[in-house]
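In structure tokens, one chain follows: the form predicted alone.
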Amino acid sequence: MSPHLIVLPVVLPLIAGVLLLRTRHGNPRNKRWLGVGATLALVVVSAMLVDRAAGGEIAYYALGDWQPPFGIVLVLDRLSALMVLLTSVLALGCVIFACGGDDEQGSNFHGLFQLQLMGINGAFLTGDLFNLFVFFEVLLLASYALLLHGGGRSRTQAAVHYVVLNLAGSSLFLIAVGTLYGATGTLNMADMAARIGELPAERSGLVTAGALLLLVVFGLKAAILPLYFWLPRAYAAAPAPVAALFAIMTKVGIYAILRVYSLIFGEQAGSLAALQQPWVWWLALATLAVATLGVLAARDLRLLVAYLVLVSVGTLLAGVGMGTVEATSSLLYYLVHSTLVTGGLFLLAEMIGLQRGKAGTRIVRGRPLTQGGALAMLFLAGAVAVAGLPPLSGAIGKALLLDAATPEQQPWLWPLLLISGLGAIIALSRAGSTLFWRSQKGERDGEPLPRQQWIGVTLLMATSPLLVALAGPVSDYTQAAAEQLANPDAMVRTLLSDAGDAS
């Protein structure tokens, strides 16, 4: 397999994005073919990377042949390969859906969409902290413009909050990176992991400050309590395919917490090991509780789905806070499930709103839906999956997490996770009965929905039964990824041996 394959998830959307921006006034049909084709190629490349990483090999790609720790490196292991594949599958459903007409509500949709994919994939693959910051900025810049796609007052208001808050987060990120560089003398994550255990005691305070500042930044990206308040309104206001793609954005923050604190602040860090653990566990549980209240209080379907994203964030971070290999393996399975299903629900909410006239996505009585039967079936499947009911993938993900909890953690996690599931069932049942059964006002005169929208939603919803059918191989992979993450020595040896710094 070509060594250049690792860089393709970054280069491919970059090239496609530039081409699409240069031809932004061209034929919409051509732009759609190029956007979908580039995303489909990304799925194929990502699947090949997962196949390569599944064997346990850790590989890196040194851009410009500048070897680590001095150059820019992209690192492929089981976790980064899984996240890139997840992003590409989610993006494929979103871009196909957008081809149903959402992409023409404004300019440059497809080009910006590809640039956001480039930023997300780069964040998952990068091997150093500064380029993690750079790729964060790339994906955020694209997301600012995509959030405003199509215009409108609510999107502009949501975008202002989103931009201001993320600019503040970026400033803190840069300060944290500078602090850690000043203390350790390197930005390469593997090199920092190798050096941090040997730092003199007087620098431990500086490193602790930098590490906790990073936790604030990643917590902001992941939307952990109390840094979550920007998410529901921003996600609810975004165009449907953009909101669906944003389902992976909170996972970038969770991935960064997993990567940075397991690699740099692992057992080799001595007194600096597991700095994040006391904070993440309790904040995750609080996020889960508050998000459940938000789910119950939501009176708009898109806002309801946004709060379900927050529930998934709390659940995933609780897995991080549990701090065991079994918990990490479980949360990775749940991460794949929750990202794809909530992405599909954002798209489905848009379709339901289009057929309800002025009622839109508000959970109130409206006119009957023209294609209500098919939409109701998809809604039922999505609701069962996201609430964690058998037989779909949410039940398996939650069962794995509950099983991974230690006896000390069970009294906190079990009731909160089960209550959050009950809250989701109540809220989704209320929404479903209002949207599909009590919608008797007016005529059934909505236009049939575009074929592309049905394909996009079905693609994402179909992943839930697929995750059940492939539960064994997928959980085997996530278990192996968790074990690899818990043993950072292999990555340190791989990245630093060529530079002559092997331990």
Partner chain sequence: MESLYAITTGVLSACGLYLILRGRTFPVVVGLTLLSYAVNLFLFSMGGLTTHGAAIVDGKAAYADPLPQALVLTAIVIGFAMTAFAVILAMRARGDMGNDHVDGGRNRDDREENRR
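Numbering follows the first chain given and starts at 1. This structure is a prediction, so every number in the text was calculated from the model and none was measured.
Just so you know, the form predicted together with its partner chain exists too; it's not on screen, but the next bit is about it.
Using a 4.5 Å heavy atom cutoff, none of Leu21, Arg24 and Ala47 lies near its partner chain in the predicted complex.
None of Val325, Ala374, Ala159, Ala209 but one reaches within 4.5 angstroms of its partner chain in the predicted complex through a heavy atom, and that residue is Ala159. The partner is absent here; in the predicted complex, the one residue of Trp412, Trp281, Trp230, Phe130 having a heavy atom within 4.5 Å of its partner chain is Phe130. The partner is not drawn, yet in the predicted complex one stretch among 356 to 364, 83 to 91, 400 to 408, 165 to 173 has residues with heavy atoms inside 4.5 Å of its partner chain: 165 to 173. Taking the partner from the other structure, its partner chain in the predicted complex has a heavy atom within 4.5 Å of a heavy atom of Leu148.
The closest heavy atom approach of Gly270 to its partner chain in the predicted complex falls outside 4.5 Å. Under a 4.5 angstroms non-hydrogen atom cutoff, its partner chain in the predicted complex has Gly178 among its neighbouring residues. Within this chain, Leu141 lines the site of its partner chain in the predicted complex, having a heavy atom no more than 4.5 Å away.
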